[in-house]
Ligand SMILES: Cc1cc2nc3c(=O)[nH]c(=O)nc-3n(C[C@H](O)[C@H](O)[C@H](O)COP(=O)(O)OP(=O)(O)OC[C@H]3O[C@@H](n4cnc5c(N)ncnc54)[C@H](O)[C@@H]3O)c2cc1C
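Only one chain is included here, represented as structure tokens and corresponding to the form predicted on its own.
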Amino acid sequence: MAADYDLIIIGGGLAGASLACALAGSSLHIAVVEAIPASSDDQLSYDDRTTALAYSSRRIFEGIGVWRQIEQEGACPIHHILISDRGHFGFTRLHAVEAGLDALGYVATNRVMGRALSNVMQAANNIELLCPATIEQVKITADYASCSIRQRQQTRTISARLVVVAEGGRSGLREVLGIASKRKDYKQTAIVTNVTPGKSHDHVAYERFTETGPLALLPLQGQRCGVVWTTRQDHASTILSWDDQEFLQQLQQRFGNRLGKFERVGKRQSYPLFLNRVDEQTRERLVLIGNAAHAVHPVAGQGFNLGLRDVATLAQVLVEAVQHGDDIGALSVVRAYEEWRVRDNRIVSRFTDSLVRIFSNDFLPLVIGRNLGLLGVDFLPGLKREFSRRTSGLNGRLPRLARGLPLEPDHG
């Protein structure tokens, strides 16, 4: 029995849509199953929250044909990053020119990225978007995977050689499939919003460590700044209850006056923070990517970029499997993907978790040590360049798209 599709992607948010776009125009027949239309206010992947994009993520977006629209509609480059420890002497300054890059990263809204990805998916002849639709069951056999989907009040079954789960961190399909995960609750909440400062941000991103968690201000188009304010879970409801004036005053007190007086604040949202990693990222005919496979603390802005490198790597593995005449759902193929990604996933998880633990501890020798460490990065050019490239997603074994190369080599 022939499968209905080569590939079924469960989840049409940023990660799932990026994978579909990476494979647009390939020989693979792809179905993307998404529960919430992109135009809906309930589509969390496509809301007005901002995301910090590493330089490697820009390359990936260029390779899949969405970067030009994202840039035109409002991607703000980060030319400098200032890292500081509130109330202490340590700081580090990172500069794009010292790292040999046009920018250390970019900041864009999820809605802008979602719109660009949707346009590419809709224009691709080999992609079929099933939306709104929900997955009720997944069965794996030796020859294909079948998915029972509910769409327009009806249930039907579709099949493919490979199913990719890209539902995000709240994926219920992991439980349905019996995939366990290891979760560490940071007992912190991220408050996300944007503000208008009195002074120009000059394309500087700020990461300020405080006693309740990191506070990030990210440059946006229109001289606004995206805010990611990490606080204790038991204090989050208080911050959300403040009126705009109180919020701005409290933010000012925590951040300081480098950007002048904060004048306006946008809508506030919140989400809990935890470290999570699944025990099985792959099975025969099954792959988990992005937040469905791993979630990290937002410190240093690594989470989405880690998932986008999942996308670029999996797309390359699948294209190469097709070129070699291999079954894209075979265990050897999906394990090749997992083995490629394990090092990057482990390094980023440990890096972000270590930052949270080190900078949330008031033990005096550790405080002195971490501030000396910040100064060391600032004053040692080799260490600074290495740190810049790490946070820009340019270290380690990178897939072709992350290196600025086309997904398929030109053999002409």
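Just so you know, these numbers come straight off a predicted model, no measurement behind them. The first residue of the sequence shown is number 1, and the count goes up from there.
Below, we refer to the form predicted together with the named molecule, which is not included among the displayed structures.
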Stretch from 241-249, 300-308, 260-268, 177-185 whose residues place a heavy atom within 4.5 Å of the named molecule in the predicted bound form: 300-308
Position in contact with the named molecule when the complex is considered in the predicted bound form, options Leu275, Val195, Ile158, Ala133, heavy atoms within 4.5 Å: Ala133
Position in contact with the named molecule when the complex is considered in the predicted bound form, options Leu355, Ile70, Ala35, Leu28, heavy atoms within 4.5 Å: Ala35
The named molecule contact in the predicted bound form: Ala96, any heavy atom under 4.5 Å: no
The named molecule contact in the predicted bound form: Ser56, any heavy atom under 4.5 Å: no
Gly168, heavy atom within 4.5 angstroms of the named molecule in the predicted bound form: yes
4.5 angstroms heavy atom contact with the named molecule in the predicted bound form for Thr51: yes
